[in-house]
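Quick setup: one chain, the form predicted alone, written in structure tokens, and binding and motion questions come after.
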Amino acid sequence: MFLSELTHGQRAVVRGLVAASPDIHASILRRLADIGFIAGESLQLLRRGPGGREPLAVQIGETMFALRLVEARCIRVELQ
């Protein structure tokens, strides 16, 4: 499953990064990895933007990130 499929409060472990569409460049995947979305890291989806869409507020460790939906669709996760 992908981070974009989590519901509020769900916890998961990152399993990997994949380009969810041809519009996703390697630089976006590198940026996600650089900020902490690497295999084995635990995360929690805190909330979504208006209407349940974007941005998605995600916490890894002590840090909270706001991700676009297209970025969340690149992060494969496994529920904890």
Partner chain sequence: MSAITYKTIALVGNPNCGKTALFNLMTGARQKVANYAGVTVERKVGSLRLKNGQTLSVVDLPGAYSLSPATPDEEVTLQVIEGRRPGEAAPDVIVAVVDATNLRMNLRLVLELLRMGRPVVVAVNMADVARAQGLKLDLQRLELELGCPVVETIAVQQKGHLQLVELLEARFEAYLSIQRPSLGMPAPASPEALQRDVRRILAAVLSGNENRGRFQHRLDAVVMHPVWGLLVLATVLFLIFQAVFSWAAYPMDAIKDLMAATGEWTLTQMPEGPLRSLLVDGVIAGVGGVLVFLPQILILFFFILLLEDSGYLPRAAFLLDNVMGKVGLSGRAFIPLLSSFACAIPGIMATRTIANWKDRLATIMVAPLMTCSARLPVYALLIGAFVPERTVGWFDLRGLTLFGLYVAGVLSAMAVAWVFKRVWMKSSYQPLMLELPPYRVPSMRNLGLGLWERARIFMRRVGGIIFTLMVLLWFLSTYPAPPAGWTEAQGPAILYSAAGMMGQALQHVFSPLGFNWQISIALVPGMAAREVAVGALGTVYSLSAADNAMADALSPVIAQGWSLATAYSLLAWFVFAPQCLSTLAVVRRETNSWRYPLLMAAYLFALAYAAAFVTYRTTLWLGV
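Positions refer to the first chain, counted from 1. Small disclaimer: the values here were computed from a predicted structure and weren't measured.
The form predicted together with the partner chain is left out here; the points below concern that form.
Student: Hey, in the model of the complex, is Leu32 touching the partner chain, heavy atoms inside 4.5 Å?
Tutor: Yes, contact at 4.5 Å.
Student: Just to confirm, Gly61 within 4.5 Å of the partner chain in the model of the complex by heavy atoms?
Tutor: The answer is yes: Gly61 has a heavy atom within 4.5 Å of the partner chain.
Student: Please determine whether Ile38 contacts the partner chain in the model of the complex, using a 4.5 Å cut-off between heavy atoms.
Tutor: Ile38 belongs to the contact set for the partner chain.
Student: So in the model of the complex, does Ala12 come within 4.5 Å of the partner chain, heavy atom to heavy atom?
Tutor: Output for Ala12 is no: heavy atoms all beyond 4.5 Å of the partner chain.
Student: Let me know which residues along 6 to 28 have a heavy atom within 4.5 Å of the partner chain in the model of the complex, or say none if there are none.
Tutor: Sequence-ordered list: Asp23, Ile24, Ile28.
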